[in-house]
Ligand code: GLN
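One chain comes next, on its own, written as structure tokens: the form predicted on its own.
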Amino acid sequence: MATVRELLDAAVARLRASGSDTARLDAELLLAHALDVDRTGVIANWSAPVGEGAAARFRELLERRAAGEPVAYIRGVKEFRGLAFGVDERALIPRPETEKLVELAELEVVRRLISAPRPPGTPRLRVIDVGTGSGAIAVTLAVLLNRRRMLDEVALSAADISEDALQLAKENAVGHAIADRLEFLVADLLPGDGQWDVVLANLPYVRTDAIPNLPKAASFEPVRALDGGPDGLQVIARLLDRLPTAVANGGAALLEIGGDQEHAFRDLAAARLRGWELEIERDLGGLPRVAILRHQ
């Protein structure tokens, strides 16, 4: 009977040979999944024997990863801002870069709620997550606002053109016990009714010609969630065209962009949103990540 260390050493060698850049982490996560424990339980028990059934499950998972399938899809879960999200081929896997968007969205909403008195009967702040996918942005924001006891003052919606993705978002909302606090809308970008105080969006921004060169794991994700057209900004440009009528006066839109798109995005916004204020926030790596547009 093989030990945890023996299985991991063999798995790391297998994954490195297949081209994985995170072989050790992948192997530890997959073995933890096969054993139904957390990763710490694996690391803390190097010499423990592993039963044949669990070892066989681990080898099956390992071969899926060696074939390029993302660990998140194999495990069916991805951590995002300290929360666990169910993930599968219906939507893009949440990326760490998008946590910056959620951080800024929370600050934006909280600032609006506390900057002026809101007497009884004041309409709730209208916030929408466009292209919600797995629901990572909308659900996380709802959880954070609920912890602050501010969610009652916000009408939070999540929209996606894909009904399958929207169903995944609903499942994640149920998992975090806030499904009844969100409105889910099937829409191509924004729905046609009313105006929003805050628009959030992590839309496709990868150039079409760059998609074949992405890591193999990305080939398992929906192409529509990645492909931003020839310049990577085609879908984002469509949203910008909608913002003048969709965002209330004094409202804001927060959009995730690619780390190499700052100058192109500034030119695009200047041409399509004359008079709007624009600032670009950088991520922990120092790359441009979130564009904040304010409707003056």
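Owing to the predicted nature of the structure, the values given are computational and were not obtained by experimental measurement. One-based numbering along the sequence shown.
The next section is about a form of this same protein that is not shown, the form predicted in complex with the ligand.
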Residue (of 168, 154, 92, 189) lying close to the ligand in the predicted bound form, criterion heavy atoms within 4.5 Å: 92
Consider the chain as shown here, without its partner, and state which of 125, 206, 144, 71 has a heavy atom within 4.5 Å of the ligand in the predicted bound form. 206
Give a yes or no on whether every one of 97, 202 and 225 sits within 4.5 angstroms of the ligand in the predicted bound form by heavy atom. yes
Is residue 26 part of the interface with the ligand in the predicted bound form - any heavy atom within 4.5 Å? no
Which of 241-249, 225-233, 50-58, 263-271 has heavy atoms within 4.5 Å of the ligand in the predicted bound form? 225-233
Though the partner is not shown here, which residues of 251-290 have a heavy atom within 4.5 Å of the ligand in the predicted bound form? 256
